[in-house]
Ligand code: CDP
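As structure tokens, one chain now follows by itself in the form predicted on its own.
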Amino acid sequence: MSASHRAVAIDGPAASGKSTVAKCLAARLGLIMVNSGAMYRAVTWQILQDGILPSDQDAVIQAFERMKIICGVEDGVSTISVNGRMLSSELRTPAVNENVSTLASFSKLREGLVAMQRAYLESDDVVMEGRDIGSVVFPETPFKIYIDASEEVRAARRSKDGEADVVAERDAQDSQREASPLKISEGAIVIDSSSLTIDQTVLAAQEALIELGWED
């Protein structure tokens, strides 16, 4: 971890609210918000565009190593382009939702994307959300938060957003994979957002940071 910049690690399962909380928290603190999951989704989208079978690990890694991936920042939020195309709505398609966990289980792919994630800390303080931020990307940061919610609440949120991926299946894939499984990092403060509004969850996250020693 950079000696001059700080990382707030926000982890949690699918539809726990971590992305929205991370974005709001970063805005309140004046930090850069980085969505690590967007990187995995971007690679997944390109793999599908290339007609590569997502389960073909060797072909996926070879294609990944050829991709031109640019990670940037716009209006305080991370951006990603692949092979010259800036991606946004493409990252939430049903096909990407269905296959991203498969690609995220490939250790070689994770190694490459983790390096890109860590690079953000070279120039800015960041709030980064994902599934292995506190355990793998920035294990030395003292600022670790785990956003959770019940399976029923998370499934309802997915449905409301028009996404039909099965939350329980995503949980199983993310927590049981061999490479960087989803887990609560040592020292992380857990926030259950099941019965909280976004504002209440963000406030809880701010209070957690203060408890963890954050100073403006």
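All figures in this text were calculated on a predicted structure; none of them were measured in a lab. For every residue, the number given is its place in the sequence shown, counted from 1.
Omitted from view is the form predicted together with cytidine-5'-diphosphate, to which the following refers.
A15 belongs to the set of residues with a heavy atom inside 4.5 Å of cytidine-5'-diphosphate in the predicted complex. Mapping the unseen interface onto this chain, R92 counts among the residues with a heavy atom inside 4.5 Å of cytidine-5'-diphosphate in the predicted complex.
Contact between W45 and cytidine-5'-diphosphate in the predicted complex is not found at the 4.5 Å heavy atom cutoff.
Contact check for V126: every heavy atom lies farther than 4.5 Å from cytidine-5'-diphosphate in the predicted complex.
None of 32-40, 143-151, 64-72, 186-194 except one has non-hydrogen atoms within 4.5 angstroms of cytidine-5'-diphosphate in the predicted complex; the exception is 32-40. Residues are counted as partner-facing when one of their heavy atoms sits within 4.5 Å of cytidine-5'-diphosphate in the predicted complex; in 85-110 these are R92, V100, S101, A104, R110, in sequence order.
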